[in-house]
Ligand SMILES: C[S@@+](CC[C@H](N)C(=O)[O-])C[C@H]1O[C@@H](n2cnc3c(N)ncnc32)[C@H](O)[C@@H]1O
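Take a look at this single chain in structure tokens; it is the form predicted on its own.
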């Protein structure tokens, strides 16, 4: 019987793996995950509506991970948390485990007097922030009206009516003059990790999409940096792998804007990027905690 021809590796795939500095084994692992589309892992975070001492009614897995945020549970394989009545009651919010991994940066942030989720829809990062610090004096911002409606609906269902929902662009926030102790910037990106979830994402590996998103992300962070009080923090996250949208964006900000530095997150040390001298962290499918993403914690000097 004739052997099946090997699947062709695209220029975009080769370029990404080269930028990540992956060896042959790492390259094959990432490409296999992208093509299989089976790396997604779910999680739930308890909300303000969850009764005291509440435990989800479905079976959960104990990851034994230091980075797992408070009030977060990982459903066992085969469980569907959204099918339980408790989900409709708003006792928990369902999201991707990779998002929970990114929010481990908050472990190094003192409770903020005020906070802003600059790119908030559909609300996962705001839910994780509220699970750790509470929803008081928090603003959830979303520019797109349709997505803003979904954000508002999710916050109401989960018991956070005190969270203000706004729709300003990052540059409008910069001109607004208001500052916050904590900014969450889950930046729009090429979304390469979607491939590992089995979601089609044409063009996500192309140079034009990656470079276009990197330019946009730099603009968002330049605006965000003007909205932070001295001693405050920015948590920068994406759901993509390419260093152009991750490490290089952070390096640009650290060089361009005086008074900022990257903060180490001990719980994420084993995920630390070797591509830059400052602390930044990347999750890949091979790590077993979801489809992957990137995060970096920035602090403004006093």
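Numbering follows the first chain given and starts at 1. Because the structure is a prediction, the values reported are computed rather than measured.
Below, we refer to the form predicted in complex with the named molecule, which is not included among the displayed structures.
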| item | value |
| --- | --- |
| Whether 123, 187 and 216 all lie within 4.5 angstroms of the named molecule in the predicted complex by heavy atom | yes |
| 4.5 angstroms heavy atom contact with the named molecule in the predicted complex for residue 80 | no |
| Heavy atom of residue 170 within 4.5 Å of the named molecule in the predicted complex | yes |
| Proximity of residue 71 to the named molecule in the predicted complex, heavy atoms at 4.5 Å | no |
| 4.5 angstroms heavy atom contact with the named molecule in the predicted complex for residue 96 | no |
| The unique member of 165, 227, 182, 220 whose heavy atoms fall within 4.5 Å of the named molecule in the predicted complex | 220 |
| 195, 119, 205, 104 - the one with a heavy atom within 4.5 Å of the named molecule in the predicted complex | 119 |
| Contact stretch among 108-116, 187-195, 174-182, 129-137 - heavy atom within 4.5 Å of the named molecule in the predicted complex | 187-195 |
| Those residues of 60-86 which, in the predicted complex, come within 4.5 Å of the named molecule by heavy atom | none |
